[in-house]
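Okay, so here's just one chain, in structure tokens, the form predicted on its own.
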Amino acid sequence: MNRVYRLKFILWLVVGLASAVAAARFTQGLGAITNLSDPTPWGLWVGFDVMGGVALASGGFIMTAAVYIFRLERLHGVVRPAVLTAFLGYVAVAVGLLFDLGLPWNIWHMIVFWNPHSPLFEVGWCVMLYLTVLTLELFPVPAQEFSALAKVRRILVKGRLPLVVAGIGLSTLHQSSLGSLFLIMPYRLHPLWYSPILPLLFLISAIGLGMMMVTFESHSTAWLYRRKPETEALAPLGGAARWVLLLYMATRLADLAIRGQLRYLVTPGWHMALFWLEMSVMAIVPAILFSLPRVRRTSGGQWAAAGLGVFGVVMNRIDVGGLAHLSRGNHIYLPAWTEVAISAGVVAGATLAFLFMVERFRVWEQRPADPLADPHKLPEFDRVGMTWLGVPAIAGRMVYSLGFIFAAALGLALLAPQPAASRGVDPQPVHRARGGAILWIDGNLDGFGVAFPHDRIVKRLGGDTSCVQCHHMNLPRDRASGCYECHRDMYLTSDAFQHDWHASPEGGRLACVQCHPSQPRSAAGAKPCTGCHKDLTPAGATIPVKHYRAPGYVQSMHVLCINCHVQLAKQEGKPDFARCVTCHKERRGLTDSGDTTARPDAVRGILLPAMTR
């Protein structure tokens, strides 16, 4: 049983570290602990916690169908652990979603505010409904220990078949609908992973994964608790998984051939290497191992083949969820250590819950015995400190608590305030808007911008005299300086004054006393900028300049535009005028007239896969 104690201690360390990161995520937001950005809004949490978690839970509907629909009674001993694993997998998905959502407290909105046109609507409802079904399927296991719940247990056992049918339907819908999410991004996902039949591919791989996950979990817990492996009962699962994996490989390669994408299988690059690595670990090697009778009928062979397959399918979900996406601009996403800590913490918490259930309830036919936990055993003292922490059960809790606290403290220490760039907020320089009568505002040149009818707006606001409503500060000897001149980064605050430039020999060559005539030298006692730059603030400017810390380009543009739109919406009685779609009409940058020739080169390029440019 020392194996169990050691594993639990490690898991509590991981949960402690994740708890500290979770506190930072919910108090400081996503930007404080992730490397996510506008070009990469989906990262490790979607690919692993959500998509991987759902896939790992597929053993639940596979085993319930095998035992209660197809009457394969020899698998009856693994159906309860499979349902428990599926239940905890979906709970982990729900917890992962809470971390990934920008406003997690609005997760209940889909129950009230329906949007049946969204794939996420179906995904959300399937998660919620299937988790409910799994709860009802699993409830008779703990209810068996309480006589007061005997009646409820009998009702659920008698109604098991309808629950199993509902669970199979909901799970198959959900496994496939996760693939539907990526049908809406044909130009974002690499052709080796994008396919019109992604829902079918997800479903086939989930069926194979369900069989392999049950095998992997059974042998892992048998080793952990020193139980006899269920090798003979699990051997047919390996044989069935072999054919499912072969079907998956044939379907995926045939799809690439039909779509004319086979050339990417031999096109040098990391995408090709990633594809073949994924296919080898996910399907090719496990199918070969499961085809060998000697491997399929031994516990070590079953564990190795199933473990490879489980890892490969999870890798596939991570690739589709974000790793194989075509990046926009020069931004490259790598998960921050805090994102990895959260994912590891969710898995560790689910594992601890699994161990708790198998030790307290009859998930297996016989609960694991712990001879070291005998309360009548004489105390054993530590050889160094001669201290006794109590019986092993109490001593274990004290050790686990200490590990949790230590890891949480370490996490808080590592989360000390850091510069924005080191928190994953990379500088994104802004460039000037392009065009004549219609400006194309796409500051970071990523192809996603807004068509701004400049001349029409100027005329509407009163001609040339209206310039000061937006251009509230000018560069020296300039008139109506562009926004990008001061708001030089898309999201980070910029220094519009540039103190170092003014004092450098290559810049203004100003001596300190020219701006700071009195001591001590500070911003409060500095000479006003208007003392040298008479035309800095144009006459009639409606936006006062209180300091020279220019906020990010996106923030400043939104504040300026939205405030004006809100006022016009009230004056003209058009409430929709202040909505986002008024300006952001097309995600790919069509102008107001819909003329595709007005798109900038960067926008034309985003419409095609990156490798065809």
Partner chain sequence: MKAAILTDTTKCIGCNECAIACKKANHLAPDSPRRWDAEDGLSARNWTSVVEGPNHTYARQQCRHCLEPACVSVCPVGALSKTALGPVVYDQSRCMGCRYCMMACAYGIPRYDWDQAVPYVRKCILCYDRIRTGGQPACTEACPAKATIFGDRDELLAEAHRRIAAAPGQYVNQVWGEHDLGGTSVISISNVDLSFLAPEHPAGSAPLPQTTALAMHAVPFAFTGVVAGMAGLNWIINRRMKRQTEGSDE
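As the structure is a prediction and not an experimental result, all values here were calculated from the model. Residue numbers count along the first chain shown, from 1.
The same protein also exists as the form predicted together with its partner chain; that form is not shown, yet it is the one meant from here on.
- Only one of 252 to 260, 151 to 159, 180 to 188, 282 to 290 lies within 4.5 Å of its partner chain in the model of the complex by heavy atoms, and it is 180 to 188.
- When its partner chain is considered in the model of the complex, only one residue from Phe354, Phe87, Tyr491, Tyr194 comes within 4.5 Å through any heavy atom, namely Tyr194.
- Residue Met110 is the only one of Ala541, Leu274, Ala304, Met110 with a heavy atom lying within 4.5 Å of its partner chain in the model of the complex.
- With a 4.5 Å cutoff on heavy atoms, Leu101 counts as touching its partner chain in the model of the complex.
- In the model of the complex, no heavy atom of Pro142 sits within 4.5 Å of its partner chain.
- Contact check for Leu120: a heavy atom falls within 4.5 Å of its partner chain in the model of the complex.
- Within this chain, His325 lines the site of its partner chain in the model of the complex, having a heavy atom no more than 4.5 Å away.
- For the stretch 71 to 91, the set of residues having any non-hydrogen atom within 4.5 angstroms of its partner chain in the model of the complex comprises only Arg71.
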